[in-house]
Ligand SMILES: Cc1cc2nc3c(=O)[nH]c(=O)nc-3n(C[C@H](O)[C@H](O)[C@H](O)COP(=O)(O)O)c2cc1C
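One chain comes next, on its own, written as structure tokens: the form predicted on its own.
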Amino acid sequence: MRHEYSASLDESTVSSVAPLDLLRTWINEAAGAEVADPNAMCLATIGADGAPRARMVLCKGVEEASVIFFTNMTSDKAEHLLVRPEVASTFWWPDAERSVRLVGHATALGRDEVERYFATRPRSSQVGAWVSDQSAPIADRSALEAKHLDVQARFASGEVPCPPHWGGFRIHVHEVEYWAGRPARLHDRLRLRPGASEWSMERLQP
């Protein structure tokens, strides 16, 4: 159990023109420190029943005011976002005592962008994308492994094409909060929101 924090966050490190620059920096620093999955984020969507659902995904791109992730388009998360695009995500690096929260709306990526990225994935991940009907029930583990063998045989020679059900989303961010743990729980919290020409910034109480 954590007893104390010792990080810090200053307004001068956050850009009001490129609000996600610091997010990119923190991901790169975590990667340089050999943190496992430095680009992992918890993604929260809203289901058809109005209840939130959250799961971990990998952020695969950070742009000026948006982030990108890829997924099976028949998954729960994709079906949620295609109906209700409102989304929130959180990055957390416990060893660095840092976190970033994003709020925004998601739009599906174009097929060309999806296929370009799919071609860069490891072959095992490409095969896995064909195996799993993500979020759908399956009888048992052996049934999943049997599907895996069938797909491996199907693509035994040549490249693995991008499945028609595989895609991704761009989260257009309209609120960012950077957090750093401080002693006595007097944490640093900086929130950014878009304005007419640049993003406004305010410090929040911990």
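Residue positions are given as counts along the sequence shown, with the first one as 1. Everything numeric in this text was worked out from a predicted model, so none of it was measured.
Omitted from view is the form predicted together with the named molecule, to which the following refers.
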Just to be sure I understand the contacts: of Lys147, Arg154, His174, Arg55, which is the one whose heavy atoms reach within 4.5 angstroms of the named molecule in the model of the complex? Arg55
If we take heavy atoms and a 4.5 Å cut-off, which stretch out of 122-130, 87-95, 73-81, 101-109 is in contact with the named molecule in the model of the complex? 73-81
Find out whether any non-hydrogen atom of Glu64 is located within 4.5 angstroms of the named molecule in the model of the complex, and reply yes or no. no
Closest heavy atom of Ala44 to the named molecule in the model of the complex, within 4.5 Å or not? no
Do Val160 and the named molecule share at least one heavy atom pair within 4.5 Å in the model of the complex? no
Does the named molecule come within 4.5 Å of any heavy atom of Asp37 in the model of the complex? yes
Within 4.5 Å of the named molecule in the model of the complex, which residues of 131-166 have a heavy atom? Give them in sequence order, or say none. Gln134, Ser135
